[in-house]
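This document opens with one chain alone, in structure tokens, the form predicted alone.
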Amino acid sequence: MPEIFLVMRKPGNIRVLCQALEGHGYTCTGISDKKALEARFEQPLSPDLALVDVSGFGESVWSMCELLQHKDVPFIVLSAKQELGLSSQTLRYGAASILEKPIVKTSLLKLIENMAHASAR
């Protein structure tokens, strides 16, 4: 079962996305700061991919993106329209794609499915 890190500040967003993804066969781990992300990488298994919501993290989001990139974890950035300029910087830190919020569930699931299949090859 593919595992997805949900790197997000708001617990409500983690809960909603986790419920949606688990309904499609994914396992989710909510992560709300860099310390939790580093701690999670101390465990033996790495996630198949990560979703990073840049809202509310400020500059600390870059170090988390760098850590995901360093650990070879593909990730998708979720961003509000007003943050798209900022979010486009995440491409320099290895983001595979950027999705504008509100997220269209079918688009997100298709992108995740494509990335999960690509990483399984």
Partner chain sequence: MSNTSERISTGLVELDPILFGGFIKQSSYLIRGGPGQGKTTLGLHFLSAANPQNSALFIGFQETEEQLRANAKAVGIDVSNIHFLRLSPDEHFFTDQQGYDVFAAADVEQEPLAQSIIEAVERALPTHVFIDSMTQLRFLSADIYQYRKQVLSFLRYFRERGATVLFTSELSTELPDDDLQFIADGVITLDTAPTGSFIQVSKFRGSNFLRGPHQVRLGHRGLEVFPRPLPPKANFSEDERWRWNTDIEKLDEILGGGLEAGTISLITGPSGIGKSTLASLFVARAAAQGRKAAVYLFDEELSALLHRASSLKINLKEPLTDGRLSIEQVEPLRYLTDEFARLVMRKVEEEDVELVVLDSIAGFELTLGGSHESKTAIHALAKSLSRRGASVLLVNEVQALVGQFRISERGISYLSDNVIFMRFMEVEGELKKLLGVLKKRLSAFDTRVYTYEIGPTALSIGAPVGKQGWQNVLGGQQAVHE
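Positions refer to the first chain, counted from 1. Quick caveat, the model's predicted, so the values are computed rather than measured.
Keep in mind that the form predicted in complex with the partner chain is missing from the display, and what follows is about it.
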Check: Would Ile98 show up as a contact with the partner chain in the predicted complex if we use heavy atoms at 4.5 Å?
Finding: no
Check: Can you check whether Pro11 is within 4.5 Å of the partner chain in the predicted complex, heavy atom basis?
Finding: yes
Check: Is there a heavy atom of Leu111 lying 4.5 Å or less from a heavy atom of the partner chain in the predicted complex?
Finding: no
Margin query: Taking any heavy atom pair closer than or equal to 4.5 Å as contact, tell me whether Gly23 reaches the partner chain in the predicted complex.
Written below: no
Notebook entry, point to check: Is it the case that Ile4, Cys28 and Asp48 all touch the partner chain in the predicted complex, with a non-hydrogen atom of each within 4.5 angstroms?
Noted result: no
Checklist line | Sequence-ordered residues of 64-84 touching the partner chain in the predicted complex, heavy atom within 4.5 Å | finding: Leu78
